[in-house]
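Below you will find one chain, with nothing else, as structure tokens; this is the form predicted alone, and questions on how it binds or moves follow later.
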């Protein structure tokens, strides 16, 4: 790692001979002030986020759809770490179908569980602290032999090419003692709400500082991006996690890492904040479009199921589990297997679901319009980014 010194911190040689980065506490000093361009970026981001929050209020039962946004964010955030799968694969895994599962799908499903665990925590207390971070990490890496699930790293880690040593690394975060000090400051910064600092700016700084501290052996990027959504909900910028900023970060992955490095090397907090705020603006705009499609979809589906016995109950179940088989319907709606089969076949006749296996037995159905409304081309965009990107190794 090259020597660095800025308002964000400095590198120091540690006893083992390599350089590590020692971060300064938040907020940055001297006091950070947005320039005109930064203020405009903040205004646009706040406006679009406000539109999204308002749009969410017009969606009947928005909690039904929040889970799908969480899955989408989980897939995109994991993709940044080269953990790749599709929304259909995640839904099939959750539906417990006979579809062949992969390690990548399991990792994304655990991310979804961690996300929901964080949201459940915020309903009990608004505090985001080290205990929560460890709990989320434990869910994210549950069952994995490496990575010290649920614990902060017990030794030095670093980011660099596969097989590189700390002396050859691109970035070495603070040693353990300084790591804990920085985490204590970060916890105070996130939960201290008397400051006049704009919540979105606070969120941007907190995410960057978390990535600089890099407190876990593995999973830092995913936990750090999950932290963005939790802070936005904690600060009441969104009542539901309907934002998926990881799509923006994935499509701009090289600049994402460059901006974080720019903070450490040059103290370029302002450049990072503008980049982050643009991501909030663009992502919120896209989420508004998705929400509008969901409102229209709900209206169409409600018309189709009018007069259908158990139609509304099955439709609600499909919003929660848009890939499902008759066993799942039987289990969730407490009906016989024959009734579940008959209801799914009726929905297939109505054009609501489509059978996707071609089998006579063990048939699985997909709620196409719902899944495709959420997709709207992002899978293709994700594939293009994956094809154009080189893996980034880290420890």
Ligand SMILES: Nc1ncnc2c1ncn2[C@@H]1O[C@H](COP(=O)(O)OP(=O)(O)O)[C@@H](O)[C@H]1O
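Positions refer to the first chain, counted from 1. These figures come from a predicted structure and were not determined experimentally.
Omitted from view is the form predicted together with the named molecule, to which the following refers.
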note = Exactly one listed stretch (198-206, 256-264, 177-185, 301-309) reaches within 4.5 angstroms of the named molecule in the predicted bound form by non-hydrogen atoms, and it is 256-264
remark   = Among 80, 227, 169, 114, just one has a heavy atom within 4.5 Å of the named molecule in the predicted bound form, namely 80
query = Looking at 325, 92, 218, 268, which is the one with a non-hydrogen atom within 4.5 Å of the named molecule in the predicted bound form?
reply = 218
key: Within 4.5 Å of the named molecule in the predicted bound form, all of 71, 104 and 110 (non-hydrogen atom)   = no
key: Heavy atom of residue 233 within 4.5 Å of the named molecule in the predicted bound form   = no
query = Could you tell me if residue 274 has a non-hydrogen atom within 4.5 Å of the named molecule in the predicted bound form?
reply = no
key: is_contact(residue 318, the named molecule) in the predicted bound form, heavy atom dist at most 4.5 Å   = no
query = So, in the predicted bound form, is residue 85 in contact with the named molecule at a 4.5 angstroms heavy atom limit?
reply = no
ask   = If you look in the predicted bound form, which residues in 157-188 sit within 4.5 Å of the named molecule (heavy atoms)?
value = 159
